[in-house]
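Here's a solo chain for you in structure tokens, the form predicted alone.
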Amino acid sequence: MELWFTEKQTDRFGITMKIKRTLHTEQTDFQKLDMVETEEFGNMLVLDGMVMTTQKDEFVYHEMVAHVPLFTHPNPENVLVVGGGDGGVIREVLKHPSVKKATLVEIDGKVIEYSKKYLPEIAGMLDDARVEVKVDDGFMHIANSENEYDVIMVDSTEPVGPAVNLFTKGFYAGISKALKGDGVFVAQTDNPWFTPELITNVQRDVKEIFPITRLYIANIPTYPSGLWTFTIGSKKHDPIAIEDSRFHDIETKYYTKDLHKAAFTLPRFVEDLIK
């Protein structure tokens, strides 16, 4: 008998893949967590029926969340990751020698636990000496922080369940307060095919708070539609105006110096969403 997993990305569309076996399933205090081994994408983390990350394509998302803001900021030393309990963004953050401390705030400790067990190549840097892991509410952590971080990355699920508050104007205002005077933040903002209104709303809210607000894109095959967007807000530094001297060599599979700027060149239908 063949076993297939389908993520219903809308009421009329989904993505499906063949499963070798279920590694773990659990209803945590916050969400339904499944870890499965797939034929095509290796081990895969699923939360509330939504694909979060897979061994095969995880590098795209994690590199694009981390390196765009970290190369935009001239000297990122203190970095915060909200969500991201799989550890992939933290792994990429630590590739930057300027980073002295990286704080991970993940509301669901089970995500951390089972990512370490089944996704070790993604979660393997969570025990690094520069990393502080807090199992806590990222929204409240932001609310209680002021002038503390150089870069903040919001690595959340789609705006359902515990992540709903991470897509509000109040949260973005809190991020601005938590950042230093030349701080930069980035958040994943879903896809333009099925959730165009989310992108429009987030861009509007962030623009009211940050003087520099931009949208960039990446191709992630296991995410809805495959075309994914990220919103960056910056107090001072423009991600498309940084000089080539700012870049230094790091090991990546997707992100490059040229791609950094190219990612901000948007298809017209996406550009129309943020005009």
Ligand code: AG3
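Each residue number is its position in the shown sequence, starting from 1. Treat the numbers as computed from the prediction; the structure is a model and nothing was measured.
Although not depicted, the form predicted in complex with the named molecule is the subject of the following passage.
*in the predicted complex, which of the stretches 240-248, 58-66, 22-30, 208-216 has residues with heavy atoms within 4.5 Å of the named molecule?*
Only one stretch passes the 4.5 Å heavy-atom test: 58-66.
*Does the named molecule come within 4.5 Å of any heavy atom of residue 53 in the predicted complex?*
Answer yes; at least one heavy atom of residue 53 falls within 4.5 Å of the named molecule in the predicted complex.
*Hey, in the predicted complex, does residue 228 get a heavy atom within 4.5 angstroms of the named molecule?*
Yes, residue 228 sits close enough to the named molecule in the predicted complex that at least one of its heavy atoms falls within 4.5 Å.
*Give a yes or no for residue 92: in the predicted complex, does one of its heavy atoms lie within 4.5 Å of a heavy atom belonging to the named molecule?*
No, residue 92 stays farther than 4.5 Å from the named molecule in the predicted complex.
_in the predicted complex, does residue 72 come within 4.5 Å of the named molecule, counting heavy atoms only?_
Residue 72: no contact with the named molecule in the predicted complex.
*asked:* Within 4.5 Å of the named molecule in the predicted complex, counting any non-hydrogen atom, which residues from 219-237 show up?
replied: Contacting residues: 223, 224, 228.
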